[in-house]
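Let's start with one chain on its own, the form predicted alone, as structure tokens.
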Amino acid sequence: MALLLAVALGAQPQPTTIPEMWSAWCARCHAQDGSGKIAEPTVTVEPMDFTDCRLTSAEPDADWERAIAKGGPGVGLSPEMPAFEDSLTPEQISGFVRHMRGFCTDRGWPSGNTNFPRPILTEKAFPENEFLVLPAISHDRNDVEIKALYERRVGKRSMFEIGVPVANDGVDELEAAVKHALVSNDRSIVSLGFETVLSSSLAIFEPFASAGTMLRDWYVQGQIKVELPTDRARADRAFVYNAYLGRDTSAAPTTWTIGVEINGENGELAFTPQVRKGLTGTGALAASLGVTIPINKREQRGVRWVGYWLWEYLEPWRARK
């Protein structure tokens, strides 16, 4: 593609507008309509179909800007996508992203700019296609739990999830939840959801609300939830609240994200400092590690090591050569 670009630049007048640049430089590989479908492919890998809203709507602008500036290797993809940071201004790169967004003509999808990094305990608002493994280990007790969690997006704004916690005594409950993005713009998102926890002895119904926004370079996310057991003799009602503040240390998909959560349940309060790391160049695999430290009632509650391993299963986890 770099050779084709050089030939094009030398053989015809320089394009001046973003649509002209797209037609002259990008359509050779990505097609004029952004679908990546052309009669005679010029690259050996399959370009992203920018008309597929299901895939593109989850992508933040920053990832596309990095791909244009750094080329495919900058986001863990093929080197057949060249870098343009030496030939385009930051404003032109942002203009290309806006142009590419226009290929998704089906409106109503939440903005990928609100697809923030996932905290460990706070339920994020953006609907996801993810598989996670979440361990939790008490520091001073023989208490270990590992939860497998499958999340699947449904339509534009909704998702469902199934969770299976495995504790010391095996599997004793099943979790199922649905979530819907109620309000979304380019920087903020609010979702409502409902979770049910089923065990051999009772069921717990848990309506919740989640929200997220950007404050400068900081991610701010929060969740409130009410736990309503069917048998008050076996479990108490609870009001649960979580809040998260974090930021990336770089723009690379493999960046470290540092953050802290405040976690509360009724009168109990704790905080959870944590780090997150992208494990592949595309960011499709990631892991997080944190520690939940009680602020009050420390004699009844111990320190817990928590974290997750995450797979965004619709994203490529490595470059296709």
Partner chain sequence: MGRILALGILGALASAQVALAQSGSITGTITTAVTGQAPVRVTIDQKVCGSELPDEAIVVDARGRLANAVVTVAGLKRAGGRESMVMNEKCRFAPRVQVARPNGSVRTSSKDPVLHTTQAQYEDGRTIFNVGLPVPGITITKAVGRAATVRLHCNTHPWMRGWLVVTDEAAAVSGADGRFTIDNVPPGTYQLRIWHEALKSASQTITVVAGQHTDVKFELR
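Residue numbers count along the first chain shown, from 1. Remember, it's a predicted structure, so these values are computed and weren't measured experimentally.
Below, we refer to the form predicted together with the partner chain, which is not included among the displayed structures.
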Next item on the list: Would you point out which of 39-47, 287-295, 253-261, 267-275 contains residues with a non-hydrogen atom within 4.5 Å of the partner chain in the predicted bound form?
Entry: 39-47
Checklist line | Interface membership of Ala181, the partner chain in the predicted bound form, 4.5 Å heavy atom rule | finding: no
Check: Does any heavy atom of Phe208 come within 4.5 Å of a heavy atom of the partner chain in the predicted bound form?
Finding: no
Notebook entry, point to check: Does Ser87 reach the partner chain in the predicted bound form if we count a contact as any heavy atom within 4.5 Å?
Noted result: yes
Check: Is the gap between Val75 and the partner chain in the predicted bound form 4.5 Å or less for some heavy atom pair?
Finding: no
Next item on the list: Find the only residue in Ala235, Ala243, Val190, Ala83 having a heavy atom within 4.5 Å of the partner chain in the predicted bound form.
Entry: Ala83
Check: Looking at the partner chain in the predicted bound form, which residues in 110-137 have at least one heavy atom within 4.5 Å of it?
Finding: none
